[in-house]
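Starting off, we have a lone chain in the form predicted alone, written out as structure tokens.
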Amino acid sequence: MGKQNIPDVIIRRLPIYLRVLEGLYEDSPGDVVSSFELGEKSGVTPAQVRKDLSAIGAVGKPGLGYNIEALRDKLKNILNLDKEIRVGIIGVGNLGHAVARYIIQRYRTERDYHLKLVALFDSNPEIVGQCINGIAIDDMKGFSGKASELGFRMVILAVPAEEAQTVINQCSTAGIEAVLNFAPIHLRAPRGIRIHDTDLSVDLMHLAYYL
């Protein structure tokens, strides 16, 4: 099964498996992991683990499990995490600033973390020109040129809701292909762009129900 044919519901679980495998690899790189252990640590059933891994062509040893290193490397390849991925952030307010520092710190301290922050953008003239860990905040007016110059195709969007759709349209003309959207609004995705929405306020309100 090619990458493009893997169902999205499976793709969403692969990073969870990978996170578990990274931890196991640090402790026992030459060992194996059973579908039961991987499922227990990932929060899914062993049967679901076997079904997901079978769908991506991962084969375990009967009665033993999956080689941790080999499975980790396969998942990284499928998720494009076996090579450096350049990322930009649009909107450098409190949230954008915090996400920037998070990505920079992980990239500097973790050998296998391949998301590299290369650009920051904002439309506020008061912060344009400032730096976060050596990365200058550029004006959104030059976004398309910078995207081409620096070669990034993924962005994190942390702008006000009323600005988000206009920014997404700019991303489309600049050749951006993937967007993680923190803006509290459902965006119309231009052709060729994949948008994943995450809204902290909605998640907190959802969680509040269970108090």
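Keep in mind that what you see is a predicted model, and the values were worked out from it rather than measured. Throughout, we count residues from 1 along the sequence that is shown.
Absent from the display: the form predicted together with the DNA. The rest refers to it.
- None of 44-52, 165-173, 179-187, 145-153 except one has non-hydrogen atoms within 4.5 angstroms of the DNA in the model of the complex; the exception is 44-52.
- Contact check for A58: a heavy atom falls within 4.5 Å of the DNA in the model of the complex.
- Proximity of V33 to the DNA in the model of the complex: non-hydrogen atoms within 4.5 Å are present.
- The DNA is not drawn, but in the model of the complex it has a heavy atom within 4.5 Å of G65.
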